[in-house]
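Next up: a single chain in structure tokens, the form predicted on its own.
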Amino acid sequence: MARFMTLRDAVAECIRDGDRVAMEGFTHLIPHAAGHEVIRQGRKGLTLYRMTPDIIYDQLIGMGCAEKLVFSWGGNPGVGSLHRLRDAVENGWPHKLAIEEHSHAAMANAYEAGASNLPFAMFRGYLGVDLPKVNPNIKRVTCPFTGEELAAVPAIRPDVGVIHALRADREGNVLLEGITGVQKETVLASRRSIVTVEELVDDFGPLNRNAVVLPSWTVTAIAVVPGGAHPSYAQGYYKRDNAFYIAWDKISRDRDGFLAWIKDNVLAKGPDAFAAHGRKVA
């Protein structure tokens, strides 16, 4: 059953060195505050999963938290490269980063398989492409009923799934609306989960047709962190901070500039910095 706690306590209890960690959110509801707390607590040796690693993973990689990245696309959306990711892969700074690349379809199906407690995902795909030549975790299997050859990849079963959501009620149920990506599957596939939310409410009220409600028993820890998705957006709370995505390209190009930004904006601050942002933009 979900327990309410501070973000600091949630990360301290749920995320350990060497864990397999998935922080998901597709353009919307990316758990930046949680990622910053992982950096502040100095976690190391993590295997990071994410369909679209962007700024928060650039920061985690640049601070030496990650040993391996399993992903299906990596970049600063609408801007360009992730310079800390590239530096780790190409130059081994701050240390060498192993990578395992998949397609979006493979990652989505792998999360679904993990959420269903299956050992692997099977789907139509990876025909006429080169990824199977460099990724030994892409296999082909034969359907025992039709003889059709299909692609197969291992299920994603993180030790910890981390997402940001809109609201939690006082019983620990969690609401997501808008673009939901694979957040639901991430929580269900993970052994432990942390959910940061914009606010705590008595009742969710009328729900949109695409609403996802995660029951309390699927979640380990809930932390109320207003603004916790910034610079991504939270539907109904604040818009995407496009200017920050553009600014990150310059901040992250230089190692010293990156470290100075992290020192001033992450290490010197706590989750309250996100709460202050939430009040400012609400």
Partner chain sequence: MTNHTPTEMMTIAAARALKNDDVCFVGIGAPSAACNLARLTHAPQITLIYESGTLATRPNVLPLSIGDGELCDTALTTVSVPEMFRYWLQGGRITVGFLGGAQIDRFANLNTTVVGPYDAPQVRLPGGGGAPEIATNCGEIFITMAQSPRSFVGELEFITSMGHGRTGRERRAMGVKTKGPSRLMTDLCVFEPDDDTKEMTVVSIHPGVTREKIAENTGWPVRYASNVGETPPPTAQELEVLRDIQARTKKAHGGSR
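Positions refer to the first chain, counted from 1. Here the structure is a predicted model, which is why all the values come from computation and not from measurement.
The form predicted together with its partner chain exists for this protein as well; it is not shown, and the discussion that follows is about that form.
**Message:** Please tell me which of 189, 176, 182, 194 lies within 4.5 Å of its partner chain in the predicted complex, judged by heavy atoms.
**Reply:** The option sitting close enough to the partner is 182.
**Request:** Identify which of 205, 119, 78, 144 has a heavy atom within 4.5 Å of its partner chain in the predicted complex; exactly one of them does.
**Result:** In short, 78.
**Message:** Counting heavy atoms only and using a 4.5 Å cut-off, do 1, 5 and 12 all touch its partner chain in the predicted complex?
**Reply:** Looking in the predicted complex, the three residues 1, 5 and 12 all stay beyond 4.5 Å of its partner chain (heavy atoms).
**Prompt:** Taking the partner as it appears in the predicted complex, which of 38-46, 242-250, 216-224, 57-65 has residues with heavy atoms within 4.5 Å of its partner chain?
**Reply:** Only one stretch passes the 4.5 Å heavy-atom test: 242-250.
**Request:** Considering only heavy atoms, tell me if residue 139 and its partner chain come within 4.5 Å of each other in the predicted complex.
**Result:** Although its partner chain is absent here, residue 139 would stay clear of it in the predicted complex, with no heavy atoms inside 4.5 Å.
**Asked** Quick one: is residue 172 in contact with its partner chain in the predicted complex, heavy atoms, 4.5 Å cut-off?
**Response** Looking in the predicted complex, residue contacts with its partner chain do not include residue 172, since no heavy atom lies within 4.5 Å.
**Item:** Partner proximity in the predicted complex: residue 159 to its partner chain, non-hydrogen atom cutoff 4.5 Å
**Value:** No.
**Message:** Since only the chain is shown here, I'm wondering whether residue 86 would be in contact with its partner chain in the predicted complex (any heavy atom pair within 4.5 Å).
**Reply:** So residue 86 counts as contacting its partner chain.
**Asked** Within 108-144, which residues come within 4.5 Å of its partner chain in the predicted complex, counting heavy atoms only?
**Response** Result: 108, 109, 112, 122, 123, 124, 125, 126, 127, 128, 129, 130, 131, 134.
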